[in-house]
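Before any questions on binding or motion, here is one chain by itself as structure tokens, the form predicted on its own.
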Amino acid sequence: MIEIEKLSYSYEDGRTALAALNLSVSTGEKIALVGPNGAGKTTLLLHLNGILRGEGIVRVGGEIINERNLSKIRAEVGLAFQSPDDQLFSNSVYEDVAYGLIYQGAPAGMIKDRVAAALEMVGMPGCEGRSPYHLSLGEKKRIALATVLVMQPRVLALDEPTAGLDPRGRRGIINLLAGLEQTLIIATHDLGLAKELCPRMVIMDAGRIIYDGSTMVAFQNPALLEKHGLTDYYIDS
């Protein structure tokens, strides 16, 4: 589903964010992307649908991301940001969730049905008329995910989906993600989420992939986790 070859990216100040990364993700995999702040996790996610364009090759469904196919790639790879406020900007939940379909010129009837289905998927049915500004953080995260799911992507790239949530909200998001069939690439500091949802773990540090393998094997190597700043994060499910 996703193939990355020698992907490098530097910030405007010259700092290296990604250093010749290679990564392959099969259809249906659920992968936890972990590492300390500044490791390059978010930067990597932003390359998966062309928001950032570094040096190297990124393929989605066998197609190299380029200017000609950006719209198609962004329909295939749905990206949910760490802060839902980066995705929610309309006066109503319906407008936010429907935005992508409206932009594509989809028929009104289809938009209505798919918005309702997306809200049902995230456990927020019937809230089309609510204002996003009056939602809790957990509710905002669910609606932000609905804005992605409504496009029916094959891949979901999620940045810290449980960050800032209380235990009930965290559990709700984990249960929601567990029920999805899409390929999942989840950048997270929540090692409990990684342990429960993702059989495969990719550890990043300083723009490089340090470990790529079994999540459970990684948990059996506390020295590896400690070396890359992961031992202080929540690990109980």
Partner chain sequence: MPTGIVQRASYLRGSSILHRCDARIKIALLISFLLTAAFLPIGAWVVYALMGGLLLVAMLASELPVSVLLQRALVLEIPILLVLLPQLFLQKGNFVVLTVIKGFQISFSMSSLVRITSLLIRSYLSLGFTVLITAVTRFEDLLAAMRACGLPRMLASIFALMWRYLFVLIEEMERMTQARASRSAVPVNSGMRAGGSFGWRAQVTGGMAGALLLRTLERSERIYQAMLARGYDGEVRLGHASEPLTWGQKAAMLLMLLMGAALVLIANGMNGA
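Everything numeric in this text was worked out from a predicted model, so none of it was measured. Positions refer to the first chain, counted from 1.
The protein also exists as the form predicted in complex with the partner chain; that form is not presented, and the subsequent description refers to it.
When the partner chain is placed as it is in the predicted bound form, which of 207-215, 165-173, 178-186, 45-53 ends up with heavy atoms within 4.5 Å of it? Heavy atoms within 4.5 Å of the partner chain in the predicted bound form occur in 45-53.
Give me the residue from L79, M124, L135, V115 that has a heavy atom within 4.5 Å of the partner chain in the predicted bound form. It is L79.
When the contact criterion is heavy atoms within 4.5 Å, does G109 count as touching the partner chain in the predicted bound form? No.
Would V155 show up as a contact with the partner chain in the predicted bound form if we use heavy atoms at 4.5 Å? V155: no, not in contact with the partner chain in the predicted bound form.
Is L119 part of the interface with the partner chain in the predicted bound form - any heavy atom within 4.5 Å? Close contact is absent here: in the predicted bound form, L119 is far from the partner chain, nothing within 4.5 Å, heavy atoms only.
Considering only 86-117, what residues come within 4.5 Å of the partner chain in the predicted bound form, judged by heavy atoms? Counting only heavy atoms within 4.5 Å of the partner chain in the predicted bound form, the contacting residues of 86-117 are D86, Q87, L88, F89, D96, Y99, G100, I102, Y103, Q104, G105, A106, P107.
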